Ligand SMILES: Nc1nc2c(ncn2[C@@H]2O[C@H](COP(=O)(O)OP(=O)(O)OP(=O)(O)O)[C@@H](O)[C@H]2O)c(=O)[nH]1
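Next up is one chain by itself, shown in structure tokens, the form predicted alone.
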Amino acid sequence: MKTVLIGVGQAGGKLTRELVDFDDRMEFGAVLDAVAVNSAKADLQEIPFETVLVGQDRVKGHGVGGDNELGADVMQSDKTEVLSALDDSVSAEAEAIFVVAGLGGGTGSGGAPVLVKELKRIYDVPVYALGILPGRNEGAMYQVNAGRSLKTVAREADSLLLVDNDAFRSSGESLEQGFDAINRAIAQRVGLLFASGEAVEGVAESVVDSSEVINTLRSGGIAALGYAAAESAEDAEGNINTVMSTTRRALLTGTSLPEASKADSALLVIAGEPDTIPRKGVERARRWVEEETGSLQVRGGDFPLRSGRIASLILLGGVERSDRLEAFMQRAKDAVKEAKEAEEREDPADAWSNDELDDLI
């Protein structure tokens, strides 16, 4: 899928850089162009593609300090500059636009919904968001920001592909090491999704193309992405069980939003050497995904890839019923309540009276 990426905020810029690097390294050619947008000048200095600094008149290049309402304001004020930077990027070849943002910070969580709304008004291609949920240990402000931003961007985007940081974090890692590892893992999964249907090694027996991705996300709302891989046997017959086991792991333990297994639609992509992908195994795995997700809209196909491994990639559309998502929203609401109680103790006259997770815009 030919895609244009827009990284908003620090987390969004870093993940976009990883996605561009992965696509270049694999020589997929799925990422047509990328732009990074931020209110903090320092966060743009190591970005190797075009950048746009927003909010200079308000925050002087120092960032919005986690204030996502200010992040929304500066993006609204400077949206013309951002859109101008995209003039040469969103060509007739583009099949989708992805706005990439961390939902817990200020610029990303506030600015991404504003930008998504404006992009949908201007362009005919689908405008998706790739949003990153903060981990449990990232502080109450990040939980509140993400709860509010999630509601808004899910409403504005054609679909919100959601990634929970806690799904990828390994014990013993520092916060910075954890984020770097998370970004690499996300870039691998999402990069393979973008590359589906592109010109790669070999010829797929059952081709996955961009329309399959777009149709899976068509229902809107929240989406998730699952992935698992294993060593491949030398022939297709020896990989029937491998395809089944990687598909089960991708859905049950390998999704970007843990415990999200019920979905309105799904796409199963089996990647590997063409001669090692078993038709019987792929069809059996597709039927299993139908039963497990409760969806009758399960698409499937091959992704020829020069590799000694077999990988299962599962895109899930419409996962709003996820227990993990419900638990996160409750965590965000609890954080709002705690912040309100703390402010009341400090200065009742200035208490934060809104204890709901209202939309940002």
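All residue numbers are counted from 1 along the displayed sequence. Note that the structure is predicted; figures quoted are calculated from it, not measured.
The same protein has a further form, the form predicted in complex with this ligand, not shown here; the description that follows concerns it.
Visitor: Please identify, from 244 to 252, 182 to 190, 148 to 156, 121 to 129, the stretch that has a heavy atom within 4.5 Å of this ligand in the predicted complex.
Guide: Answer to the contact question: 182 to 190.
Visitor: Any of the heavy atoms of residue 165 lying within 4.5 Å of this ligand in the predicted complex?
Guide: Although this ligand is absent here, residue 165 would touch it in the predicted complex, with heavy atoms inside 4.5 Å.
Visitor: Does this ligand come within 4.5 Å of any heavy atom of residue 104 in the predicted complex?
Guide: Although this ligand is absent here, residue 104 would touch it in the predicted complex, with heavy atoms inside 4.5 Å.
Visitor: I'd like to check something about residue 209: if you look in the predicted complex, is any of its heavy atoms closer than or equal to 4.5 Å to a heavy atom of this ligand?
Guide: Taking the distances in the predicted complex, the answer for residue 209 is no, it never comes within 4.5 Å of this ligand.
Visitor: If you check in the predicted complex, is residue 113 within 4.5 Å of this ligand, heavy atoms only?
Guide: Contact with this ligand, no.
Visitor: Within 4.5 Å of this ligand in the predicted complex, do 281, 286 and 304 each have at least one heavy atom?
Guide: Looking in the predicted complex, the three residues 281, 286 and 304 all stay beyond 4.5 Å of this ligand (heavy atoms).
Visitor: Of 114 to 151, which residues get within 4.5 Å of this ligand in the predicted complex if you count heavy atoms?
Guide: Going through 114 to 151 in order - heavy atoms within 4.5 Å of this ligand in the predicted complex - the hits are 132, 134, 138, 142.
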